[in-house]
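The chain below stands alone and is given as structure tokens, in the form predicted alone.
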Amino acid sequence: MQDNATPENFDVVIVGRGPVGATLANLLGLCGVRTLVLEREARAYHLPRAVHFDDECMRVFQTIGLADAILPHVILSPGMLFLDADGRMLLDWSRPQTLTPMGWHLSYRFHQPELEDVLIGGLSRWPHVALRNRCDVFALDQDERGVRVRYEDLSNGKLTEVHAAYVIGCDGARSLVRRFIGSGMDDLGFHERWLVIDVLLKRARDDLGDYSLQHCDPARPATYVRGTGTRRRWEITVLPDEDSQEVAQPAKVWNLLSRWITPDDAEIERAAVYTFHSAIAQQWRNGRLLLAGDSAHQTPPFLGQGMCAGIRDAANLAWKLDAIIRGGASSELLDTYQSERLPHVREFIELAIRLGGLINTKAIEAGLAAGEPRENAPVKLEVKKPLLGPGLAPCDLPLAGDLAPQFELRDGSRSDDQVGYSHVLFVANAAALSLRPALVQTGLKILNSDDAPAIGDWLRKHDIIAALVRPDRYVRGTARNEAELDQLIAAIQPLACVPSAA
């Protein structure tokens, strides 16, 4: 099998080096977890795929110390407009151009190869994180001690095995890890062929605009997306009687694009037919094997939340793995991963399906019902991020399962940078903690109104005196009074073993 008799040992093996796998590896690197990333391909895919991420994703990129490196590669999105066949606006999904409570803008456009370059480059900062390309995993065997991972080095045909405490499948919709888990898929009912066309403009076409446009045309629904630089994308429905190969031929592509651009305006970078799916894995974990990203869920692209969902998976999962591997927490902590993430991602997928129905004019009323009607104006859409499903946060407490904001501290720094990828206790009054020596023993990071006045404002708004926030920035627990504060502090003790390595 291999020259050395004893396989290498890692805490975590990640199968797949896309944005989700690379983000997870950076988070584990930040924690000090010994991690191996195995990727079948030699290099990152060079053509566009995902084109949008949100403020919560950028907050994760901030956590792993790569936001500043990513910023030069993104542009802000003004939002999305839904137009009928005559060009009249049906639904207005404009995005505010101010910072959100996350500390970032609500919507960013990007070119996936550039993002992947930054995320993969970031792995070199962690001596305990290894990346091996052209490695094709073919077998996973787990027992009570760990997982035996066998793979082929495609560069030389050598078969190798390593040992890991956990294996995370970030290996896409056709996930090998999901097959070893034995999970079926829950079908949410959306499966449609769309022709995805990426072009590079040869000359300025400012008239195309910065908004994404959903052309809700019964004859041929279509989407336009402004990309970074000269990149523009159209996604056009493939009709039932059309052949997938024929519709992607250049002559047909230019015919379909003719209402917007001609070959004088742009060159085609890629034209391919994709089937957009809506499905969620029934089982995200089997013992030491887990799923994240497209291996766990697939969504139609109409909300731009596909990659975002995977980044949230990574942020939820990494600190829990760290708590178990380095902190001595029970492996039962991983039982909260699917229970928290699945309802969250399902809500986003269901909204994407409703908007897909609107674009296809098959379910206009259902699509418009997702927004807020306005007199003599198009329906206004504002998407509120879902709450986490049941897990660590008691459901009867204020803010349970909700995202905590990021605060600007008095010295001008951001609270996440002070906290790192760690738990933090936000309190209105630091004096209230001086009589609680048990809190000091936890080593937990604490921020109060003296650090940032907005912390007190936020706590008062929700009628609480303290909030415990997890490394993924979701609220772990809150206290409305002194008695509940004592209970919250008592619950902190098992979490003290999850320090930030930032």
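Worth saying up front: this structure is predicted, and the values here are computed from it rather than measured. Numbers follow the displayed sequence, beginning with 1. The term rigid core refers to the most C-alpha atoms you can superpose between the two forms while keeping them within 1.5 Å.
From this point on, the text means the form predicted in complex with a small molecule, which you will not see here.
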Please identify the residue among S415, S422, Q305, S77 with any heavy atom within 4.5 Å of the small molecule in the predicted bound form.
Q305
Check each of L321, C135, L289, L91 and return the one that places a heavy atom within 4.5 angstroms of the small molecule in the predicted bound form.
C135
Please determine, with the chain shown alone, which of 58-66, 38-46, 473-481, 446-454 has non-hydrogen atoms within 4.5 Å of the small molecule in the predicted bound form.
38-46
Decide if the three candidate residues G391, D402 and H462 all line the small molecule in the predicted bound form, where lining means a heavy atom within 4.5 Å.
no
So in the predicted bound form, is the small molecule close enough to V196 to count as touching (4.5 Å, heavy atoms)?
yes
Any of the heavy atoms of I168 lying within 4.5 Å of the small molecule in the predicted bound form?
no
Whether L213 contacts the small molecule in the predicted bound form should be assessed with a 4.5 Å heavy atom distance threshold; does it?
no
Report whether the minimum heavy atom distance between R233 and the small molecule in the predicted bound form is within 4.5 Å.
yes
Does superposing the core leave H46 with a CA shift of 2 Å or more between this form and the one not shown?
yes
